[in-house]
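We begin with a single chain expressed as structure tokens, specifically the form predicted on its own.
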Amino acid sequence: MKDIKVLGPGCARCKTTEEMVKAEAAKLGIEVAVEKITDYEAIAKFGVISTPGIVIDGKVVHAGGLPKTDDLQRWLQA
């Protein structure tokens, strides 16, 4: 199971990113635990300035704007 954190204050892009992560994981048949982190101090600890951010298994893989579907698939399969 992959541990995924979606970092962001709860804006529309952050919510969409969370939905995209869940949808792509389901398509690929990958089990994920998705946690939404909205606390700015917690987000800053990951070094993310632009949201939404995505952390997979402790590694920041994306920050700022919506991720591309093919990138999500690659990150989830890594």
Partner chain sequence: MTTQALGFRRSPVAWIGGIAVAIVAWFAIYRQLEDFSRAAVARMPIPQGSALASSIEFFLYDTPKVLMLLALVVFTMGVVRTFFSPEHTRAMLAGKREGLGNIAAAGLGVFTPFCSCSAVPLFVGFVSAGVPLGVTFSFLIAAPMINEVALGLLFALVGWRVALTYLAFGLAVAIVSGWVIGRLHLEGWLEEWVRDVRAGDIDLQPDQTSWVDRFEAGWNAVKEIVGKVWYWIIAGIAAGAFIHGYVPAELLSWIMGADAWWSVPAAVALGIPMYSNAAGIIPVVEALLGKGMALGTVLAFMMSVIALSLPEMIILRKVLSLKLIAVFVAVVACGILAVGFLFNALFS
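Keep in mind it's a predicted model, so treat the numbers as computed, not measured. Positions refer to the first chain, counted from 1.
Beyond the structure shown, there is the form predicted in complex with its partner chain, which is absent from this document and is the topic of what follows.
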item	value
Contact label in the predicted complex: Val48 to its partner chain, heavy atom within 4.5 Å	yes
Residue contact check: Ala25 to its partner chain in the predicted complex, 4.5 Å heavy atom	no
Ala63 within 4.5 Å of its partner chain in the predicted complex, heavy atoms	yes
Contact test in the predicted complex: Val34 vs its partner chain, heavy atoms, 4.5 Å	no
Its partner chain in the predicted complex - contacting residues of 1-37, heavy atom within 4.5 Å	Pro9, Cys11, Arg13
